[in-house]
Ligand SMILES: Nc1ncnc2c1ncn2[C@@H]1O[C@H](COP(=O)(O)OP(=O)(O)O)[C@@H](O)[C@H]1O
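Next comes just one chain, in structure tokens: the form predicted on its own.
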Amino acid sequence: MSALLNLSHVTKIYRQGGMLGRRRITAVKDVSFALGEEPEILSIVGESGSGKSTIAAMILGQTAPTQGELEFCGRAVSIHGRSERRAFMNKVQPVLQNPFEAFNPMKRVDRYLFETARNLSASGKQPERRQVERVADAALMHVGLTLEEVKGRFPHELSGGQLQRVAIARALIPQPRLLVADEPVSMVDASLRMAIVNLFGRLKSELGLSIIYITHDLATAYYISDRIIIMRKGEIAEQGEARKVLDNPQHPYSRALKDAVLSADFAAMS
């Protein structure tokens, strides 16, 4: 099976301190998994410090693994220059935890969409202004917004849910193959979280996107995921089809995580 993304025995070690008091911190240890060519949602679940965000950073090329191999479309994720970064970001896009930190409060949100449409155009050519606006509007429509609704508005003039959808729309503009969503609903009002989670499901179906959904929220992972990886202290505790793993967890840590979530939450997600 050809792989869209492949992590093989990936380890990430950080070194902290000076020459006299240096210590090694293993954030991720011997992690292996793959995404195939068929679109899917893979959730990486764990508590704070489990290594899930470090995995996201390595997939996005923001930090290199200390050991092991990480490949996207059969090529090592190793970004050394602007042209390589641009080509990679046309295919892999992040969705961050806090949408208010992703946007400058003094800059209108439509500027971000227009700049992305110009700089990461799927055709590689500099589009005209009218085309830039069409691209931005089309991306916004995929997330349930329009350019008319957000044009000329500053981040504080939008709700957290609206702003997160604008961030997702921005990520869609280059027509990527993979979204890496790191805790994308943790800063959104509880009443709006399922709307964002359902949006990821629609994007997978409508656009053929694969999504890595990184979360500490086991209930939404159970609801949206095709497969799931449960992380503990930098290592994979358990992985497999989401419903099979969470309906009948085998690892003691997986069982403890499930027990910490009210059974009613899982029933509501079924």
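Every value quoted in this text rests on a predicted model; they were computed, and no experiment measured them. Residue indices: 1-based, along the sequence shown.
We do not show the form predicted in complex with the ligand, though everything after this point is about it.
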Joint contact, 198, 223 and 228 to the ligand in the predicted complex, by non-hydrogen atom at 4.5 Å: no
Contact test in the predicted complex: residue 239 vs the ligand, heavy atoms, 4.5 Å: no
The ligand contact at residue 66 in the predicted complex, heavy atom, 4.5 Å: no
Any non-hydrogen atom of residue 27 within 4.5 angstroms of the ligand in the predicted complex: yes
4.5 Å heavy atom contact, residue 248 and the ligand in the predicted complex: no
Per-stretch contact check against the ligand in the predicted complex, the hit in 204 to 212, 66 to 74, 33 to 41, 52 to 60 (non-hydrogen atom, 4.5 angstroms): 52 to 60
